[in-house]
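First, one chain by itself: the form predicted alone, in structure tokens.
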Amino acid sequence: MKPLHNMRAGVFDSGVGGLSVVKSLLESGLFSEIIYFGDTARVPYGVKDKNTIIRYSLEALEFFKNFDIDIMIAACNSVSAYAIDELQKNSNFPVTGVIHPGVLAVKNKLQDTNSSILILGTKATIKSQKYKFFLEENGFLNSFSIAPSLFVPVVEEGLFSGEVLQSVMKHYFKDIKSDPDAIILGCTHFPLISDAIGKYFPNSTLIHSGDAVVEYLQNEYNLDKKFDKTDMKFFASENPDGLKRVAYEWLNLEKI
């Protein structure tokens, strides 16, 4: 892909979590416009079966075919785990997920392949074992996984800090005796609570899907910062005003 006068990206997620990827894309200046679609009527995807995730993903692809986009980013780890091949086969523009970028980010940040790596993801993502497979392919054999499913509704409610989030973290992390060397935030909802996770594990390196995707796009497609301003369009299958409210808060956008 070569940089054009305008570069438009479509970003797809099951809900608001993909906004964490959008935040990194906005800061990167790689795109003149970003079109975001959150399938909020059917969130979360992480508890659904493979065929359902693929079907929902292909429906999202049809939505983006209404726009003149240059690339589609599946900012959903469950989609990245199960549907990327189908999306790529049915699209006339590049489609990338977040799992490969995340593993490449681990490789770039951790020099010791014996490092302990905690993978946080939805049930579907963890069940796919895609992170574990690609980590082992790159020599990282010391990984373990947790599926903190309650993180998704907590983020969807906009509870990025506070007692509820603290209680949920204690519930899932109580058996972890020492800080992992790295934590893969293997669901795009999780970077929205990365500050809280970072305080819980102060000695761990957090691998953020959004930052990993930016690095991947720059390397894979030879993209560089080009645009001082990125226009945003938000769409949702249900309650678009709720999605926009989270977007304005998380992305520090002026309300339009």
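Fair warning: this is a prediction, and the values are worked out from it, not measured in the lab. In case it trips you up, residue 1 is the first one in the sequence shown, and so on.
Not on display, but discussed next: the form predicted in complex with another copy of the chain.
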>> Give me the residue from Lys65, Arg42, Lys199, Lys225 that has a heavy atom within 4.5 Å of another copy of the chain in the model of the complex.
In response: Arg42
> Considering another copy of the chain in the model of the complex, which of Phe144, Tyr172, Phe160, Phe133 comes within 4.5 Å of it through any heavy atom?
Replying inline: Tyr172
> Does each of Ser32, Ser91 and Ala236 have at least one heavy atom within 4.5 Å of another copy of the chain in the model of the complex?
Replying inline: no
> Going by a heavy atom distance of 4.5 Å, is Asn138 a contact of another copy of the chain in the model of the complex?
Replying inline: no
> Does Glu215 reach another copy of the chain in the model of the complex if we count a contact as any heavy atom within 4.5 Å?
Replying inline: no
> Is Ser167 close enough to touch another copy of the chain in the model of the complex, meaning at least one heavy atom pair within 4.5 Å?
Replying inline: yes
> Can you check whether Lys123 is within 4.5 Å of another copy of the chain in the model of the complex, heavy atom basis?
Replying inline: yes
>> Looking at heavy atoms inside 4.5 Å, which stretch does another copy of the chain contact in the model of the complex, given the options 181-189, 145-153, 100-108, 77-85?
In response: 145-153
> Are there residues in 44-59 with a heavy atom within 4.5 Å of another copy of the chain in the model of the complex, and which are they, in order?
Replying inline: Pro44, Val47, Lys48, Asp49, Thr52, Tyr56
